[in-house]
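Before any questions on how it binds or moves, here is one chain, the form predicted on its own, in structure tokens.
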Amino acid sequence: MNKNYNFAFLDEGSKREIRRASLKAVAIPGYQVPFGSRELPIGRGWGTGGIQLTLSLIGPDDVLKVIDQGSDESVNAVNIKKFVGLCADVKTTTDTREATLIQTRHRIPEIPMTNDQILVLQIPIPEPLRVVEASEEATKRMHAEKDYAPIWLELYESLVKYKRIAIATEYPCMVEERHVMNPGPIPKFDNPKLHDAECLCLFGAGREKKIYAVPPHTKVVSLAFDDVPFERESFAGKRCRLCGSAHTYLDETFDALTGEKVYQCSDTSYCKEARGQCV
């Protein structure tokens, strides 16, 4: 560890403040808790809310995994691991099962997480009502009054226009039948993984200064009409070109040699494990 930094970079007072906000978020699932977002030596678009949660929670005995759009080797994931390694002497891994703390952007791992793990999600816009209401004061009042009619109207308009609810990411969820929550820029394929999950899920938005949580075994239901049920992305008839998986989230890409359209697992750790490779 670089001795010029406090352990995990943030000062201890900042860590305590973020932990207190996290505890309140756990106590009220889906509720957005304001916190004093700190400055970090990285751009705001790099997921500073998630990084602040990670730096506040991580300890010397933790094992850290960082993924970006399912990949352990993206620029975002690699540089976050380098930053944490610079200021905290902790082990890093690409193995979902080995990690005690996983920070992610855009995906939830395919391998189900356990009760002794924490999932930290980087969130750009935490407010699910922002697409229908620009005023922060108005959205707070709407949450307090459980007035989610504009969200339902947005879903209905999408259904009328496209004959289906064409929301691919940030698909709104109802948490414990009380708060509508933005699960972040994960594909709606991952939404069901939040329901009754074994692990603690924490969501951090640095620019918006909000933290919210889904504790273990919490009821999380994606919004849908009675006669138009929620549907995940379908990859029927498609398989990962590397491991052959037909039940995971697949990225569409092109074969460099043939130029043909191919599919492969977004979750690189799962794909390697399925092929019997060491992760």
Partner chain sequence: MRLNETPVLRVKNLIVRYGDGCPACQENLDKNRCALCGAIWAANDISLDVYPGETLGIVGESGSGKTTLMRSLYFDFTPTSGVATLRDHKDGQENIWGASAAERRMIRNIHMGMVYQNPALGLRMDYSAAANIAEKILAAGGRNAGQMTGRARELLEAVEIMTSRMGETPKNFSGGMRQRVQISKALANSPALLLLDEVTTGLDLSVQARVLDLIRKIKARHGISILLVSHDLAVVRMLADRTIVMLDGKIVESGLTDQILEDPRHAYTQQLVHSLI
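Numbering follows the first chain given and starts at 1. Since the structure is predicted, the reported quantities are computational estimates derived from the model, not experimental observations.
Below, we refer to the form predicted together with the partner chain, which is not included among the displayed structures.
Engineer: Using a 4.5 Å heavy atom cut-off, which stretch among 218-226, 240-248, 56-64, 23-31 contacts the partner chain in the predicted bound form?
Structural biologist: Result of the contact check: 218-226.
Engineer: Consider E145 of the chain shown here, and say whether it contacts the partner chain in the predicted bound form, taking contact as heavy atoms within 4.5 Å.
Structural biologist: Yes - in the predicted bound form, heavy atoms of E145 and the partner chain come within 4.5 Å of each other.
Engineer: Is E154 close enough to touch the partner chain in the predicted bound form, meaning at least one heavy atom pair within 4.5 Å?
Structural biologist: Although the partner chain is absent here, E154 would touch it in the predicted bound form, with heavy atoms inside 4.5 Å.
Engineer: P150 near the partner chain in the predicted bound form, any heavy atom under 4.5 Å?
Structural biologist: Result yes; P150 sits at the interface with the partner chain in the predicted bound form.
Engineer: Is L159 a contact residue for the partner chain in the predicted bound form, using a 4.5 Å heavy atom cut-off?
Structural biologist: L159: contacts the partner chain in the predicted bound form.
Engineer: Could you check which residue among L101, V132, C87, V90 gets a heavy atom within 4.5 Å of the partner chain in the predicted bound form?
Structural biologist: Contact check passes for V132.
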